[in-house]
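Just one chain follows, in the form predicted on its own, and it is written as structure tokens.
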């Protein structure tokens, strides 16, 4: 791997950063789910909403049909709550096999579970019809698809419940949501606020990332110094920090709610502007990268708010290593199956897990930064393409 000099190194975080002015913004009404939902509960994690949904709908001691292409933490939450996952096929373009779903509905099936991947809509209307024919509830997992819609239909509005994660799309310290659709009402407790120290720690981290993003080499140095001082303070004060973005479900955190600061920051955002900027950045990458890597999708459907650009590669580790060396926080997207899922039964999903890398395209990244990102990705993928030609 070629050595990258400090002047060549970028700082491109995988998640949007927090601008100080956002702490002072005023919340305003929103037309986006989950904020406009008439029946909604907020949690620290989206996985908490998955766990509560099992209890709320009485899905324990029964089967829930879930996609073979999953993160794993949502499966852990289902299992911990008492449900048994049964997996259905997802194709090489994140397409749900509706025939496989219907074939696997049996006497033990209690619900259908749909995941919308990275803002791209799954077949919610078709699964709604299928669920209704069999008298089953439909759960829409929109943890990766906040602010997204299928045309004019918001993702999360078609199922009996919608589940959302806020901190993957917005610069907030924590936050998940459960929306309840339809006429049936449930009595849900209001979760308690999380530890203020944890919220403070995540907020400071997001502010420091913004400092580095805006301040270049100077900002990078300041962030490094402040972080080293902060780590010592956290250890000395024994500050309780509930990490977000973790890989596993923890029952100890299931009752944690969302912080008031998260709601304040979220409602102070220009949500329509965020959608526009993410779409602009995605289109830019699509145009610049299609020559070096066949795109998973050739277009960006109306209404989609992309969480990231799914880059298809042959050697994840090599490409990610090159991108990390340039300062781009590329993510290994959903590498592993949950142990309950037989990987051999789903070869298309296994290939997806081997080949998809998340490339950031969030609202914090300017057109100039996106040009640098595209150039870095093209360079990182070139050796991957040469290897593919030799082995082809």
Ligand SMILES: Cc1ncc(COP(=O)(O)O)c(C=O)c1O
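Numbering follows the first chain given and starts at 1. Please read all numbers here as calculations on a predicted model, not as lab measurements.
Beyond the structure shown, there is the form predicted in complex with the named molecule, which is absent from this document and is the topic of what follows.
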property: Stretch in contact in the model of the complex with the named molecule, which is absent here, among 190-198, 141-149, 314-322, 99-107 (heavy atoms within 4.5 Å); result: 141-149
property: Contact of residue 346 with the named molecule in the model of the complex (heavy atom, 4.5 Å); result: no
property: 4.5 Å heavy atom contact, residue 45 to the named molecule in the model of the complex; result: yes
property: Residue 81: touches the named molecule in the model of the complex, heavy atom cutoff 4.5 angstroms; result: no
property: The named molecule contact at residue 74 in the model of the complex, heavy atom, 4.5 Å; result: yes
property: Contact residue in the model of the complex, chosen from 115, 265, 275, 124 - any heavy atom within 4.5 Å of the named molecule; result: 115
property: In the model of the complex, the one of 94, 282, 167, 87 near the named molecule [non-hydrogen atom within 4.5 angstroms]; result: 167
property: Heavy atom within 4.5 Å of the named molecule in the model of the complex - qualifying residues of 316-351; result: 334
